[in-house]
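The chain below stands alone, shown as C-alpha coordinates; this is the form predicted alone.
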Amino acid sequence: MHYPAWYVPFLTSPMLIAIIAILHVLVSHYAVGGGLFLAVETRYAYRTNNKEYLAYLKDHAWFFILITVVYGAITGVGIWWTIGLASPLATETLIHTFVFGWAMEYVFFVLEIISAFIFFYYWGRLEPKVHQAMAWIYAFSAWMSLVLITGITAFMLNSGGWVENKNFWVGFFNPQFVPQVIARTGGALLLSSLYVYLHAAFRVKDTALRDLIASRSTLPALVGAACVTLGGIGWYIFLPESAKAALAAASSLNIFMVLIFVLTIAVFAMLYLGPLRHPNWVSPGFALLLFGMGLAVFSAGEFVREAVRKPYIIYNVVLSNQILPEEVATLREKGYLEGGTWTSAWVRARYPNVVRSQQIDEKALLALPEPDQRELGKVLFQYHCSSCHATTEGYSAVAQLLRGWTPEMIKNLVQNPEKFHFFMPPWAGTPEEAELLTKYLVSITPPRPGGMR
(Lines give C-alpha, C1' and ligand atoms only; values in the text may rest on other atoms or scores of the structure.)
Protein backbone atom coordinates (compact mmCIF):
# COMPACT_ATOMS: atom_id res chain seq x y z
CA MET A 1 0.00 0.00 0.00
CA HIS A 2 2.07 2.86 -1.27
CA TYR A 3 -0.49 5.06 -2.99
CA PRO A 4 -3.44 7.23 -1.94
CA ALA A 5 -6.95 6.11 -2.90
CA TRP A 6 -8.83 7.93 -5.65
CA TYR A 7 -12.53 7.83 -4.90
CA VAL A 8 -14.92 8.53 -7.78
CA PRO A 9 -18.45 9.10 -6.42
CA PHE A 10 -21.33 7.10 -7.89
CA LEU A 11 -19.38 5.55 -10.81
CA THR A 12 -16.32 4.22 -8.93
CA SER A 13 -12.90 4.54 -10.54
CA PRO A 14 -12.89 1.14 -12.33
CA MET A 15 -16.15 1.99 -14.10
CA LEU A 16 -14.66 5.32 -15.20
CA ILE A 17 -11.69 3.40 -16.60
CA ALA A 18 -14.05 1.01 -18.38
CA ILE A 19 -16.01 3.83 -20.01
CA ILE A 20 -12.93 5.64 -21.29
CA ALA A 21 -11.23 2.39 -22.33
CA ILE A 22 -14.22 1.20 -24.36
CA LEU A 23 -14.52 4.58 -26.08
CA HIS A 24 -10.81 4.36 -26.94
CA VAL A 25 -10.85 0.73 -28.06
CA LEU A 26 -13.68 1.37 -30.52
CA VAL A 27 -11.40 3.82 -32.31
CA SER A 28 -7.98 2.23 -31.74
CA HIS A 29 -9.12 -0.93 -33.54
CA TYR A 30 -10.32 1.19 -36.43
CA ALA A 31 -6.82 2.72 -36.47
CA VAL A 32 -5.47 -0.77 -37.19
CA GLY A 33 -8.10 -2.11 -39.58
CA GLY A 34 -8.61 1.24 -41.29
CA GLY A 35 -4.90 1.46 -42.01
CA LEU A 36 -5.00 -1.95 -43.67
CA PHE A 37 -8.10 -0.90 -45.64
CA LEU A 38 -6.37 2.21 -46.97
CA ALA A 39 -3.22 0.27 -47.88
CA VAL A 40 -5.10 -2.48 -49.77
CA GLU A 41 -7.59 -0.18 -51.46
CA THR A 42 -5.05 2.47 -52.47
CA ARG A 43 -3.05 -0.25 -54.20
CA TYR A 44 -6.22 -1.47 -55.94
CA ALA A 45 -7.20 2.05 -57.04
CA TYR A 46 -3.74 2.77 -58.46
CA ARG A 47 -3.63 -0.61 -60.22
CA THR A 48 -7.03 -0.11 -61.85
CA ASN A 49 -6.44 3.62 -62.41
CA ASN A 50 -9.75 4.37 -60.70
CA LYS A 51 -9.50 8.10 -60.08
CA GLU A 52 -12.95 8.34 -58.48
CA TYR A 53 -12.01 5.66 -55.97
CA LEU A 54 -8.69 7.38 -55.27
CA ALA A 55 -10.53 10.62 -54.59
CA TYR A 56 -12.82 8.82 -52.15
CA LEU A 57 -9.87 7.17 -50.41
CA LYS A 58 -8.25 10.58 -49.89
CA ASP A 59 -11.51 11.84 -48.38
CA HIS A 60 -11.69 8.75 -46.16
CA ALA A 61 -8.05 9.21 -45.11
CA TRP A 62 -8.92 12.66 -43.74
CA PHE A 63 -11.84 11.18 -41.78
CA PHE A 64 -9.57 8.34 -40.63
CA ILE A 65 -6.83 10.67 -39.34
CA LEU A 66 -9.32 12.97 -37.64
CA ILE A 67 -10.94 10.09 -35.74
CA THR A 68 -7.92 7.93 -34.93
CA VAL A 69 -5.15 10.48 -34.41
CA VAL A 70 -7.10 13.28 -32.74
CA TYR A 71 -9.90 11.50 -30.87
CA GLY A 72 -7.83 8.34 -30.39
CA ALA A 73 -4.91 10.27 -28.91
CA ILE A 74 -7.15 12.15 -26.47
CA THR A 75 -8.84 8.99 -25.18
CA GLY A 76 -5.50 7.17 -25.08
CA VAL A 77 -4.10 9.83 -22.77
CA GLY A 78 -7.34 9.61 -20.81
CA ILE A 79 -6.74 5.90 -20.19
CA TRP A 80 -3.25 6.52 -18.81
CA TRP A 81 -4.56 9.33 -16.62
CA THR A 82 -7.39 7.26 -15.15
CA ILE A 83 -5.47 4.01 -14.62
CA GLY A 84 -2.62 5.94 -13.00
CA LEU A 85 -5.05 7.39 -10.47
CA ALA A 86 -7.43 4.47 -10.05
CA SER A 87 -4.99 1.54 -10.23
CA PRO A 88 -1.54 2.92 -9.48
CA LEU A 89 -0.03 -0.34 -8.19
CA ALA A 90 -1.25 -2.31 -11.21
CA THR A 91 -0.03 0.43 -13.56
CA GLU A 92 3.38 0.47 -11.86
CA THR A 93 3.59 -3.32 -12.15
CA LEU A 94 2.76 -3.29 -15.86
CA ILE A 95 5.27 -0.52 -16.59
CA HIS A 96 8.09 -2.22 -14.68
CA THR A 97 7.31 -5.67 -16.09
CA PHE A 98 6.93 -4.63 -19.72
CA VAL A 99 9.15 -1.58 -20.05
CA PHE A 100 10.80 -3.11 -23.15
CA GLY A 101 7.37 -3.82 -24.66
CA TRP A 102 6.14 -0.28 -24.01
CA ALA A 103 9.33 1.10 -25.58
CA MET A 104 8.75 -0.96 -28.73
CA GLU A 105 5.11 0.14 -28.84
CA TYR A 106 6.10 3.81 -28.67
CA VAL A 107 8.51 3.32 -31.59
CA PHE A 108 5.76 1.81 -33.72
CA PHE A 109 3.36 4.55 -32.59
CA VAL A 110 5.76 7.23 -33.82
CA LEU A 111 6.05 5.38 -37.13
CA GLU A 112 2.25 5.33 -37.34
CA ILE A 113 1.94 9.09 -36.90
CA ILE A 114 4.74 9.97 -39.33
CA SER A 115 3.63 7.58 -42.07
CA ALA A 116 -0.06 8.57 -41.70
CA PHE A 117 0.73 12.26 -42.11
CA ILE A 118 3.04 11.64 -45.08
CA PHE A 119 0.41 9.39 -46.67
CA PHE A 120 -2.30 12.04 -46.42
CA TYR A 121 -0.52 15.38 -46.73
CA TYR A 122 1.70 14.28 -49.62
CA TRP A 123 -1.18 12.72 -51.53
CA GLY A 124 -0.62 13.37 -55.25
CA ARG A 125 2.96 14.56 -54.68
CA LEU A 126 4.51 11.13 -54.17
CA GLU A 127 5.14 8.41 -56.71
CA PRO A 128 2.37 5.78 -56.47
CA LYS A 129 4.81 3.14 -55.19
CA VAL A 130 6.14 5.45 -52.49
CA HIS A 131 2.62 6.52 -51.57
CA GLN A 132 1.54 2.88 -51.22
CA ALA A 133 4.67 2.13 -49.19
CA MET A 134 3.67 4.82 -46.68
CA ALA A 135 0.25 3.18 -46.33
CA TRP A 136 1.79 -0.24 -45.72
CA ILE A 137 4.30 1.15 -43.20
CA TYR A 138 1.38 2.64 -41.31
CA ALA A 139 -0.69 -0.57 -41.50
CA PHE A 140 2.18 -2.75 -40.25
CA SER A 141 3.14 -0.32 -37.46
CA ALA A 142 -0.47 -0.05 -36.28
CA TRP A 143 -0.88 -3.84 -36.21
CA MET A 144 2.39 -4.25 -34.30
CA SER A 145 1.12 -1.72 -31.74
CA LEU A 146 -1.99 -3.86 -31.36
CA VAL A 147 0.10 -7.01 -30.88
CA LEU A 148 2.35 -5.40 -28.27
CA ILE A 149 -0.47 -3.86 -26.25
CA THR A 150 -2.51 -7.07 -26.48
CA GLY A 151 0.34 -9.06 -24.97
CA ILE A 152 0.33 -6.72 -21.97
CA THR A 153 -3.45 -6.53 -21.50
CA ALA A 154 -3.78 -10.31 -21.98
CA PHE A 155 -1.22 -10.73 -19.17
CA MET A 156 -3.68 -8.97 -16.87
CA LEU A 157 -6.26 -11.70 -17.46
CA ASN A 158 -3.90 -14.67 -17.23
CA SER A 159 -0.30 -14.05 -16.14
CA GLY A 160 0.61 -17.68 -16.84
CA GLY A 161 3.93 -18.78 -15.38
CA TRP A 162 5.24 -15.24 -14.85
CA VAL A 163 4.73 -15.31 -11.08
CA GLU A 164 7.32 -18.10 -10.74
CA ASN A 165 10.18 -16.63 -12.79
CA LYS A 166 9.29 -12.97 -13.61
CA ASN A 167 10.52 -13.38 -17.21
CA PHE A 168 9.41 -10.74 -19.72
CA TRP A 169 8.74 -13.19 -22.53
CA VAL A 170 6.84 -15.62 -20.29
CA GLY A 171 4.59 -12.77 -19.23
CA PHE A 172 4.17 -11.42 -22.75
CA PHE A 173 3.45 -14.77 -24.43
CA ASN A 174 0.89 -15.66 -21.80
CA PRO A 175 -1.95 -18.19 -22.39
CA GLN A 176 -4.31 -15.40 -23.49
CA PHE A 177 -1.91 -13.83 -26.01
CA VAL A 178 -2.72 -15.76 -29.20
CA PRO A 179 -6.53 -15.86 -28.73
CA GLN A 180 -6.69 -12.15 -28.01
CA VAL A 181 -4.40 -11.21 -30.93
CA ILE A 182 -6.68 -13.20 -33.25
CA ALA A 183 -9.83 -11.66 -31.76
CA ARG A 184 -8.48 -8.10 -31.78
CA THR A 185 -7.12 -8.39 -35.32
CA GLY A 186 -10.53 -9.64 -36.39
CA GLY A 187 -12.21 -6.84 -34.47
CA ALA A 188 -10.00 -4.31 -36.25
CA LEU A 189 -11.00 -5.69 -39.65
CA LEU A 190 -14.69 -5.78 -38.76
CA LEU A 191 -14.82 -2.33 -37.20
CA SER A 192 -12.91 -0.73 -40.07
CA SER A 193 -15.49 -2.05 -42.55
CA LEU A 194 -18.32 -0.69 -40.40
CA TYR A 195 -16.63 2.72 -40.33
CA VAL A 196 -16.17 2.56 -44.12
CA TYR A 197 -19.84 1.69 -44.68
CA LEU A 198 -20.89 4.56 -42.45
CA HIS A 199 -18.56 7.08 -44.07
CA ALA A 200 -19.35 6.02 -47.63
CA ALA A 201 -23.11 5.98 -47.03
CA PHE A 202 -23.06 9.66 -46.14
CA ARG A 203 -20.22 10.93 -48.32
CA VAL A 204 -20.55 9.07 -51.64
CA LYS A 205 -23.40 10.04 -53.92
CA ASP A 206 -22.39 7.97 -56.95
CA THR A 207 -24.24 4.65 -56.67
CA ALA A 208 -21.68 2.60 -58.60
CA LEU A 209 -18.80 3.87 -56.49
CA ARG A 210 -20.70 3.27 -53.25
CA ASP A 211 -21.49 -0.29 -54.36
CA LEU A 212 -17.81 -0.87 -55.17
CA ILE A 213 -16.76 0.37 -51.72
CA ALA A 214 -19.39 -1.78 -50.01
CA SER A 215 -18.52 -4.96 -51.89
CA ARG A 216 -14.76 -4.59 -51.40
CA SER A 217 -15.18 -3.98 -47.66
CA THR A 218 -17.42 -6.95 -46.99
CA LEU A 219 -14.90 -9.79 -47.22
CA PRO A 220 -12.58 -8.19 -44.60
CA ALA A 221 -15.65 -7.68 -42.38
CA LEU A 222 -16.69 -11.34 -42.65
CA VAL A 223 -13.12 -12.54 -42.08
CA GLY A 224 -12.89 -10.20 -39.10
CA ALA A 225 -16.16 -11.49 -37.63
CA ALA A 226 -14.90 -15.08 -38.02
CA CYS A 227 -11.62 -14.18 -36.29
CA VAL A 228 -13.49 -12.51 -33.43
CA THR A 229 -15.52 -15.70 -32.98
CA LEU A 230 -12.46 -17.97 -33.15
CA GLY A 231 -10.46 -15.74 -30.82
CA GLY A 232 -13.40 -15.53 -28.42
CA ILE A 233 -13.55 -19.31 -28.17
CA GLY A 234 -9.81 -19.42 -27.44
CA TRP A 235 -10.24 -16.60 -24.93
CA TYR A 236 -12.76 -18.69 -23.00
CA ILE A 237 -10.69 -21.89 -23.18
CA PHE A 238 -7.64 -20.16 -21.68
CA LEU A 239 -9.49 -18.25 -18.97
CA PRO A 240 -8.26 -18.96 -15.42
CA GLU A 241 -10.64 -21.04 -13.32
CA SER A 242 -11.61 -18.00 -11.21
CA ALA A 243 -12.54 -16.02 -14.34
CA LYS A 244 -14.70 -18.84 -15.71
CA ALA A 245 -16.44 -19.07 -12.34
CA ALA A 246 -17.05 -15.31 -12.27
CA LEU A 247 -18.44 -15.46 -15.78
CA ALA A 248 -20.87 -18.22 -14.77
CA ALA A 249 -21.88 -16.66 -11.44
CA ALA A 250 -22.60 -13.06 -12.47
CA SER A 251 -26.07 -12.67 -13.97
CA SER A 252 -25.15 -9.38 -15.65
CA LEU A 253 -22.25 -11.06 -17.47
CA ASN A 254 -24.58 -13.85 -18.58
CA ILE A 255 -26.86 -11.23 -20.11
CA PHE A 256 -23.91 -9.62 -21.88
CA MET A 257 -22.77 -12.99 -23.24
CA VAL A 258 -26.24 -13.67 -24.66
CA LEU A 259 -26.24 -10.16 -26.13
CA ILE A 260 -22.85 -10.77 -27.76
CA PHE A 261 -24.01 -14.11 -29.19
CA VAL A 262 -27.29 -12.77 -30.62
CA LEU A 263 -25.83 -9.56 -32.05
CA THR A 264 -22.88 -11.42 -33.60
CA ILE A 265 -25.28 -13.68 -35.52
CA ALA A 266 -27.27 -10.60 -36.58
CA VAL A 267 -24.11 -8.83 -37.82
CA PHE A 268 -23.08 -11.94 -39.79
CA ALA A 269 -26.51 -12.10 -41.39
CA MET A 270 -26.61 -8.39 -42.20
CA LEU A 271 -23.14 -8.49 -43.77
CA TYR A 272 -24.09 -11.48 -45.93
CA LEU A 273 -27.52 -10.28 -46.99
CA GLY A 274 -26.48 -6.65 -47.26
CA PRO A 275 -23.08 -5.57 -48.64
CA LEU A 276 -22.08 -9.04 -49.90
CA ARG A 277 -25.26 -9.97 -51.77
CA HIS A 278 -26.85 -6.56 -52.20
CA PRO A 279 -24.25 -3.73 -52.05
CA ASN A 280 -26.98 -1.19 -52.80
CA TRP A 281 -28.39 -1.85 -49.32
CA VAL A 282 -25.65 0.33 -47.82
CA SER A 283 -27.83 3.35 -47.17
CA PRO A 284 -27.26 5.77 -44.28
CA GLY A 285 -29.92 4.00 -42.20
CA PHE A 286 -28.53 0.51 -42.85
CA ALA A 287 -24.96 1.66 -42.21
CA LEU A 288 -25.96 3.30 -38.93
CA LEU A 289 -27.82 0.19 -37.76
CA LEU A 290 -24.94 -2.12 -38.65
CA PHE A 291 -22.43 0.26 -37.08
CA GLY A 292 -24.43 0.48 -33.86
CA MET A 293 -24.79 -3.30 -33.59
CA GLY A 294 -21.08 -3.79 -34.19
CA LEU A 295 -20.18 -1.27 -31.51
CA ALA A 296 -22.62 -2.93 -29.09
CA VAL A 297 -21.01 -6.35 -29.62
CA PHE A 298 -17.52 -4.94 -29.22
CA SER A 299 -18.40 -2.88 -26.13
CA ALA A 300 -20.13 -5.80 -24.42
CA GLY A 301 -17.12 -8.01 -25.13
CA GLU A 302 -14.72 -5.46 -23.65
CA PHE A 303 -16.89 -5.10 -20.54
CA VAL A 304 -16.99 -8.88 -20.00
CA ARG A 305 -13.23 -9.16 -20.54
CA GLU A 306 -12.58 -6.55 -17.86
CA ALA A 307 -15.17 -7.87 -15.39
CA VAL A 308 -13.99 -11.49 -15.22
CA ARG A 309 -10.58 -10.54 -13.81
CA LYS A 310 -11.94 -10.23 -10.26
CA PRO A 311 -10.69 -10.64 -7.59
CA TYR A 312 -7.58 -9.42 -9.42
CA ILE A 313 -6.58 -6.45 -11.50
CA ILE A 314 -3.65 -8.52 -12.74
CA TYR A 315 -4.31 -12.23 -12.32
CA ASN A 316 -2.29 -13.68 -9.41
CA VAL A 317 -0.22 -10.49 -9.23
CA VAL A 318 -2.34 -7.54 -7.97
CA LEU A 319 -5.66 -7.86 -6.15
CA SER A 320 -8.60 -5.65 -7.10
CA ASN A 321 -8.11 -3.45 -4.02
CA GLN A 322 -4.51 -2.54 -4.91
CA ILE A 323 -2.84 -5.11 -2.64
CA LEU A 324 -0.27 -7.71 -3.60
CA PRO A 325 -1.46 -11.21 -2.60
CA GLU A 326 1.70 -11.75 -0.56
CA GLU A 327 0.94 -8.63 1.51
CA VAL A 328 -2.34 -9.95 2.93
CA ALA A 329 -0.82 -12.02 5.76
CA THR A 330 1.42 -9.13 6.88
CA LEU A 331 -1.43 -6.63 6.87
CA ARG A 332 -3.59 -9.00 8.90
CA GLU A 333 -0.86 -9.12 11.49
CA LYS A 334 0.27 -5.51 11.82
CA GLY A 335 -2.86 -3.78 10.58
CA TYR A 336 -4.16 -2.38 7.31
CA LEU A 337 -3.97 1.20 8.54
CA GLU A 338 -0.39 0.74 9.73
CA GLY A 339 0.64 -1.01 6.53
CA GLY A 340 -0.32 1.83 4.22
CA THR A 341 1.84 4.91 3.74
CA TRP A 342 -1.12 7.26 3.43
CA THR A 343 -3.45 5.60 5.91
CA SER A 344 -0.71 5.43 8.52
CA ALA A 345 0.14 9.13 8.10
CA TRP A 346 -3.57 10.07 8.30
CA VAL A 347 -4.13 8.14 11.55
CA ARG A 348 -0.98 9.56 13.14
CA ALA A 349 -1.98 13.11 12.25
CA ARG A 350 -5.62 12.73 13.30
CA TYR A 351 -5.29 10.42 16.31
CA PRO A 352 -1.77 10.69 17.77
CA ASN A 353 -3.04 9.19 21.05
CA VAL A 354 -3.43 5.73 19.46
CA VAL A 355 0.25 5.51 18.48
CA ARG A 356 2.35 3.39 20.81
CA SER A 357 6.07 2.76 20.26
CA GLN A 358 5.89 4.16 16.70
CA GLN A 359 3.07 1.73 15.86
CA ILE A 360 -0.70 2.16 15.70
CA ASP A 361 -2.21 0.39 18.71
CA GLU A 362 -5.09 -1.56 17.20
CA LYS A 363 -6.89 -2.01 20.51
CA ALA A 364 -6.70 1.72 21.21
CA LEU A 365 -8.70 2.33 18.03
CA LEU A 366 -11.73 0.67 19.61
CA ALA A 367 -11.43 2.95 22.65
CA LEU A 368 -12.08 6.03 20.51
CA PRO A 369 -15.55 7.63 20.49
CA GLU A 370 -18.07 5.96 18.15
CA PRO A 371 -18.03 8.77 15.53
CA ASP A 372 -14.24 8.49 15.27
CA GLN A 373 -14.46 4.73 14.95
CA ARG A 374 -16.91 5.12 12.08
CA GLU A 375 -14.60 7.69 10.48
CA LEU A 376 -11.75 5.18 10.62
CA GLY A 377 -14.10 2.59 9.16
CA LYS A 378 -14.83 4.98 6.30
CA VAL A 379 -11.09 5.29 5.60
CA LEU A 380 -10.79 1.50 5.60
CA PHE A 381 -13.69 1.27 3.15
CA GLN A 382 -12.16 3.87 0.86
CA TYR A 383 -8.86 2.02 0.63
CA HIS A 384 -10.01 -1.59 0.90
CA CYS A 385 -13.39 -1.59 -0.86
CA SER A 386 -14.03 1.49 -3.02
CA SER A 387 -12.14 0.07 -5.99
CA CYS A 388 -15.26 -2.00 -6.67
CA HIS A 389 -18.04 -0.40 -4.63
CA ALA A 390 -19.70 2.97 -4.31
CA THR A 391 -21.02 3.84 -0.83
CA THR A 392 -24.75 4.61 -0.63
CA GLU A 393 -25.64 5.22 -4.29
CA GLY A 394 -24.03 4.30 -7.57
CA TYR A 395 -22.31 1.32 -9.16
CA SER A 396 -22.44 -1.73 -6.87
CA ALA A 397 -23.26 0.54 -3.92
CA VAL A 398 -22.41 -1.38 -0.76
CA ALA A 399 -25.25 0.18 1.23
CA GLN A 400 -27.80 -1.18 -1.24
CA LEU A 401 -26.17 -4.59 -1.35
CA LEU A 402 -26.29 -4.84 2.46
CA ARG A 403 -29.81 -3.45 2.86
CA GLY A 404 -31.51 -5.19 5.78
CA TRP A 405 -28.41 -7.12 6.92
CA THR A 406 -27.77 -7.48 10.65
CA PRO A 407 -24.50 -6.19 12.19
CA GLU A 408 -23.41 -9.80 12.78
CA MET A 409 -23.93 -10.67 9.13
CA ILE A 410 -22.00 -7.60 7.99
CA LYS A 411 -19.11 -8.36 10.35
CA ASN A 412 -18.90 -11.90 9.04
CA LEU A 413 -18.80 -10.56 5.49
CA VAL A 414 -16.05 -8.06 6.35
CA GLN A 415 -13.89 -10.76 7.90
CA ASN A 416 -14.49 -13.32 5.14
CA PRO A 417 -15.45 -11.53 1.90
CA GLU A 418 -13.95 -14.20 -0.36
CA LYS A 419 -16.11 -16.85 1.34
CA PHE A 420 -19.30 -14.91 0.60
CA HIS A 421 -18.28 -14.13 -2.98
CA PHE A 422 -15.21 -15.84 -4.41
CA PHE A 423 -14.57 -12.89 -6.76
CA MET A 424 -13.95 -10.56 -3.78
CA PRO A 425 -10.40 -10.16 -2.41
CA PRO A 426 -9.69 -11.44 1.12
CA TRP A 427 -9.83 -9.19 4.16
CA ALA A 428 -6.39 -7.70 4.78
CA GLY A 429 -6.68 -6.15 8.23
CA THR A 430 -6.83 -7.00 11.91
CA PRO A 431 -9.98 -8.09 13.80
CA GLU A 432 -10.11 -4.61 15.37
CA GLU A 433 -10.09 -2.98 11.94
CA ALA A 434 -12.83 -5.37 10.83
CA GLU A 435 -14.88 -4.05 13.75
CA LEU A 436 -14.28 -0.45 12.63
CA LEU A 437 -15.31 -1.19 9.05
CA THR A 438 -18.38 -3.06 10.28
CA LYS A 439 -19.51 -0.07 12.34
CA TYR A 440 -19.15 2.22 9.34
CA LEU A 441 -21.07 -0.14 7.06
CA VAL A 442 -23.84 -0.58 9.64
CA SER A 443 -24.16 3.21 9.87
CA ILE A 444 -24.80 3.60 6.11
CA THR A 445 -26.88 0.46 5.53
CA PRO A 446 -30.58 1.25 5.01
CA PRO A 447 -33.27 -0.86 6.73
CA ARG A 448 -35.06 -3.76 5.15
CA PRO A 449 -37.63 -2.52 2.58
CA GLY A 450 -41.08 -1.90 3.96
CA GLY A 451 -43.72 -4.58 3.37
CA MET A 452 -41.18 -7.43 3.44
CA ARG A 453 -41.07 -10.00 6.23
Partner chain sequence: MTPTELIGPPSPLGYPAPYWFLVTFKVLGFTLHMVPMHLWFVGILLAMIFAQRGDVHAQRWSARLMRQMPVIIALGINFGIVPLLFTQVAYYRVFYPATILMAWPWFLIIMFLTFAYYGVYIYVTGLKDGAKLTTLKRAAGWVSAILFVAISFLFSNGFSLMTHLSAWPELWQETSVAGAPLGTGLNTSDPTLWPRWLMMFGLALTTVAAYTVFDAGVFARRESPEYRRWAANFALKFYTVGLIWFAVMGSWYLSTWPADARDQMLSSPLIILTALAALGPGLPWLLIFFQRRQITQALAILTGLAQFGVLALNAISRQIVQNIELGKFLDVTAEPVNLQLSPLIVFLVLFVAGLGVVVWMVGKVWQAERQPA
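Positions refer to the first chain, counted from 1. Note that this is a predicted model, so its numbers are computed, not measured.
The form predicted in complex with the partner chain exists for this protein as well; it is not shown, and the discussion that follows is about that form.
Chemist: For the partner chain, considered in the model of the complex: do all three of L222, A226 and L319 come within 4.5 Å of it, counting heavy atoms only?
Modeler: Looking in the model of the complex, the three residues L222, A226 and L319 all stay beyond 4.5 Å of the partner chain (heavy atoms).
Chemist: Can you check whether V70 is within 4.5 Å of the partner chain in the model of the complex, heavy atom basis?
Modeler: Heavy-atom contact with the partner chain at 4.5 Å: present for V70.
Chemist: Does the partner chain get within 4.5 angstroms of any non-hydrogen atom of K334 in the model of the complex?
Modeler: Close contact is absent here: in the model of the complex, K334 is far from the partner chain, nothing within 4.5 Å, heavy atoms only.
Chemist: Quick one: is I65 in contact with the partner chain in the model of the complex, heavy atoms, 4.5 Å cut-off?
Modeler: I65: yes, in contact with the partner chain in the model of the complex.
Chemist: Using a 4.5 angstroms cut-off on non-hydrogen atoms, would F202 count as touching the partner chain in the model of the complex?
Modeler: No, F202 is distant from the partner.
Chemist: If we take heavy atoms and a 4.5 Å cut-off, which stretch out of 300-308, 88-96, 204-212, 265-273 is in contact with the partner chain in the model of the complex?
Modeler: Every other range fails; the passing one is 88-96.
Chemist: Given that the partner chain is left out here, which of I149, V107, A364, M257 has a heavy atom within 4.5 Å of it in the model of the complex?
Modeler: By the 4.5 Å criterion, the partner-contacting residue is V107.
Chemist: By the heavy atom within 4.5 Å rule, which residue out of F173, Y236, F117, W123 makes contact with the partner chain in the model of the complex?
Modeler: Answer to the contact question: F117.
Chemist: Going by the partner chain in the model of the complex, which residues of 328-367 come within 4.5 Å of it through any heavy atom?
Modeler: Stretch hits, in order: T341, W342, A345, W346, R348, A349, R350.
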